[in-house]
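One chain is shown next in structure tokens, namely the form predicted alone.
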Amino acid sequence: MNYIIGAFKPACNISIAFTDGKNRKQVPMKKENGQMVMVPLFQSQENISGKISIEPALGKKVEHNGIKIELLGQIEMYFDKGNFYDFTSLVRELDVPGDIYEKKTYPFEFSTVEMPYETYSGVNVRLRYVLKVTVSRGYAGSIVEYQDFMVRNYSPPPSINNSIKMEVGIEDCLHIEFEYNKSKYHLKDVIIGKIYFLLVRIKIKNMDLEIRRRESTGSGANTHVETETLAKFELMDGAPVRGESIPIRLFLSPYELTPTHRNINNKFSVKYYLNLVLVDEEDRRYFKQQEITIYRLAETT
């Protein structure tokens, strides 16, 4: 019986260690099974290096047809689960065919790696970066080990950041003007604005400001759109009067936002909207939606 159990054990143990693993910032990442793990954080153009250790099980030798490490950037659509689209693929051959009798260590390095997109995990799509080590074996089946890492890319503050001014109205019933201080916000920013009531002839019961995320995946007839309301902020409870102005001050840091992603490799987009919702006393709802851009500002230490 023990012999049968041993037959299904991998012939060797593979471990992947990053050169600066102890000093590099670690961030939480949700695995496919929902479990949270800590992974190292990188940004585009960084060197990714480390060591691979391969240790045969129970003193056995490992016959192989070569050992390689790949750095992969992949997009996976959840409606096409298991099929990964590789937008980045780099390979380093670590060893020629041969036998391993005892623990062996191989250094690896990928220099100034172009990682243009951020790690993203959404409703219908995920974008991930992974190191993949393959010990190629013919009849016995290859042994593969994966190591995830996260990529975040930072943007400088935009040189032009216009305010948003809009009017919303129902003829002869309601006329509102609203203004947000800018159209582009970083992840820890504050939305500051004002709402002016120029004409009020319907009885408004309450007014909310929502932050919505819209994720679009696929293209053409196969486009899937998911909209999530991430935040709901009550601006007013009760009826406004003509000439009244209501201030807006909404902090973004408590919410789990990502930067805006526009047409990532023709596979998906993630956009954010400010949605103004007015409800009258007959529970009729009036909406006005405006797209905003979210970016990641470099963190100061």
Partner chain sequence: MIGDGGVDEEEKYLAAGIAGLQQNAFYMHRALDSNNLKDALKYSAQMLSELRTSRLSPHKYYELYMRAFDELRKLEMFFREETKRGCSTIELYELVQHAGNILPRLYLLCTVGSVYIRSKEAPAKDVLKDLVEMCRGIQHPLRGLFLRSYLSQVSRDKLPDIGSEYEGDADTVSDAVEFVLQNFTEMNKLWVRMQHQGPAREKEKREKERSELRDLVGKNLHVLGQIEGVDLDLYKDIVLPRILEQVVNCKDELAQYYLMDCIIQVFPDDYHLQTLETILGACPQLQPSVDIKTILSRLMERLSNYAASSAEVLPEFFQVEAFAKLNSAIGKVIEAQVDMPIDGVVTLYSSLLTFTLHVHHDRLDYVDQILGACVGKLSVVGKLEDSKATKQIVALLSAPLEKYNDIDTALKLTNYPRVLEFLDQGTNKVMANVIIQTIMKNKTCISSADKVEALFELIKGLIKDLDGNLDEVDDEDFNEEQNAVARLIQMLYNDDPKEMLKIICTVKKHIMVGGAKRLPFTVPPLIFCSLKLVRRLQSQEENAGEEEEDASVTPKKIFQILNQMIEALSVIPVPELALRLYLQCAEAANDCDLEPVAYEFFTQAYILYEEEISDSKAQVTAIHLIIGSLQRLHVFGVENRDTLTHKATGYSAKLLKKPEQCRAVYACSHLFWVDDQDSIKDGERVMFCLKRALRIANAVQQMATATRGSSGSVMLFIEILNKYLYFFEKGNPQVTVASIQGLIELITTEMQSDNTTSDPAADAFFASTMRYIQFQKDKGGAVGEKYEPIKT
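Positions refer to the first chain, counted from 1. If you're wondering where the values come from, they're calculated on a predicted model, not measured in any experiment.
In what follows, reference is made to the form predicted in complex with its partner chain, a form of this protein that is not presented.
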Between the options 30, 232, 60, 51, which residue brings a heavy atom to within 4.5 Å of its partner chain in the model of the complex? 232
Against its partner chain in the model of the complex, would residue 55 count as a contact residue? Criterion: heavy atoms within 4.5 Å. no
Any of the heavy atoms of residue 249 lying within 4.5 Å of its partner chain in the model of the complex? yes
Indicate whether its partner chain has at least one heavy atom within 4.5 Å of a heavy atom of residue 26 in the model of the complex. no
Check whether residue 253 has any heavy atom within 4.5 Å of a heavy atom of its partner chain in the model of the complex, and answer yes or no. yes
Counting only heavy atoms and a 4.5 Å cut-off, does its partner chain in the model of the complex sit next to every one of 237, 240 and 244? yes
Given that the partner is absent here, state which listed stretch (35-43, 270-278, 66-74, 253-261) has heavy atoms within 4.5 Å of its partner chain in the model of the complex. 253-261
Who in 160-180 is close to its partner chain in the model of the complex, meaning a heavy atom within 4.5 Å? none
